[in-house]
Every structure is written in C-alpha cells, then in structure tokens.
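Let's start with one chain on its own, the form predicted alone, as structure tokens.
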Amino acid sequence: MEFKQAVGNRRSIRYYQPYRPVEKDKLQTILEAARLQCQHGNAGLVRKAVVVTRGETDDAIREELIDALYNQPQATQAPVAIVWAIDISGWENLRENLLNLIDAKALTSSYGWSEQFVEETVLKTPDFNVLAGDNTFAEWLSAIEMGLAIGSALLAAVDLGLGTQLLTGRRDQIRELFGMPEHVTPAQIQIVGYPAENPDGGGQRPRPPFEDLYFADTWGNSMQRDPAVVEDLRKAGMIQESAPLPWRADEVRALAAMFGLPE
C-alpha cells in the first residue's frame, strides 16, 4: 500500500473478528516498523512493549489486562494487545548509542560530534542528567520517541490490512500485572486484529481545519491550503470522504446486535 493511502485509510477500529488470529509475520512487521522509527533522543532502549495474544498468553493475564482497560468491548474482541511502555532507564545507554552512531557515520565531526564530546558532555548537562535522577527533559523526550514508534506501528497495521486502535487503561494496574519496575511507565495499549466493521469506519474522522493548525512565518498567521494539493491527496487516498457515510448508522446497529452491545 502506498504511504498516502495508508495514512488515509487509518481509522480507530472498534469492532474486531475475535475468532481470527493475527499472523506472526504481520505482528513482527508492526513491531519492526516501531523499532526502525526515528529515535529523536538517540537513547535506543526507551520504548519497549509487551505483546499479549489470545491463545498464547495466559488467560488470567489477558483478562486482567482487559479489566485494566476498563473492560472496553474492543479489548475483549481484538486477539492482540501491544502494551507500549516507556523505560526511562533506557537513557543510561545514551553514550554507547551515540558512539555507535559516530561509527556508523550518522553523527559526523562536521557537526561537532566526536568520542571526546560524547564522553565529556553527554549526560553531564542538565538536559540529560538522567542518572542523577533529574528526568524531566528525558521523560518529555521519551514521550515523543514513544509517539513516533506508535505512529509507525499504527500505519504498519493498516498497511497489512489489519484493524488497530489505541486504548488507555489504569497504568499502575498494568505495571503491576506485567512486573514492570517503577522506572517503566505503560504508555498506550495498541489492539490489533481483523476488523468486523468496514475498514473505512464509516468515513474519515473529522479533524480541525488546516488553517487553524498551521501558521506561516509567525504564530496566528494561517498557512493557506492549496486546493490543487488537496485534490492530488484525494486522488492518492490520503484525504477521503468524511464520516459519517450514509450507511454507517445501520452498520453500527448491526454490529451492536452481533456482539450483544447496546445500540
């Protein structure tokens, strides 16, 4: 699938085929997409995940995870849950990771990178003083890194013809369930499976106007949208017909009846 089409096709899928497992190669592809996404902080071991799979993970663990997700019906239906977590201790290998990037010629001396700079400066500055316990900057940057990884994982699932959605749960309960140490914070839970609803979800979700989000030259000076670009993106499948499509209400009623849910 072309990138623009994958972006356009992405929906938060809320109804899944509970009887249909996700193939192992597809699940690995989703995780590889997250692993290879930009690591803005260059820490390397910050973003991690626990994969929970129906029929493989102990039923008691899966049931408690569903409880921690407030027993949302889609959590019960989806055969896979990826519990994304931020491991703040991943910053402790930052120097080693930067040295590896210098060896790979990704960080170059023309921009001031050297072994000496890494050894004398990195983690000794206030911004990166993780080992001393001042984690404010590291936590902020870790959240950005995690968001980048999850975004790629979502698009990879769509590219593979799967449904996916992010859920939020009780973080302390999730941390205890999986035996995560205190320096690990559960972020979001990505559920994955084959959609029981139409994959287009009844149309593309509403979003704020382009001009309200993006500014040119200074804050508040709206950047103007080029209609020709919009038309090109429609043809490429990135911009699609807005929800709700005419048949969506009937589909939701049918799905509710199928899963024994209120309309």
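Heads up: residue numbers just count along the shown sequence, starting at 1. None of the values given here were measured: they were computed from a predicted structure.
Not pictured, yet referred to below: the form predicted in complex with a small molecule.
Three-residue candidate spot 47, 82 and 142; no residue lies within 4.5 angstroms of the small molecule in the model of the complex by any non-hydrogen atom. Looking at 87 to 95, 175 to 183, 112 to 120, 67 to 75, the stretch with residues near the small molecule in the model of the complex, meaning non-hydrogen atoms within 4.5 angstroms, turns out to be 67 to 75. Interface residue among 205, 40, 234, 35 relative to the small molecule in the model of the complex, by the heavy atom within 4.5 Å criterion: 205. Of the candidates 155, 167, 101, 138, 167 is the one whose heavy atoms come within 4.5 Å of the small molecule in the model of the complex; the others do not.
Under a 4.5 angstroms non-hydrogen atom cutoff, the small molecule in the model of the complex lacks residue 242 among its neighbouring residues. Remark: residue 12 counts among the residues lining the small molecule in the model of the complex, judged by a heavy atom distance of 4.5 Å or less.
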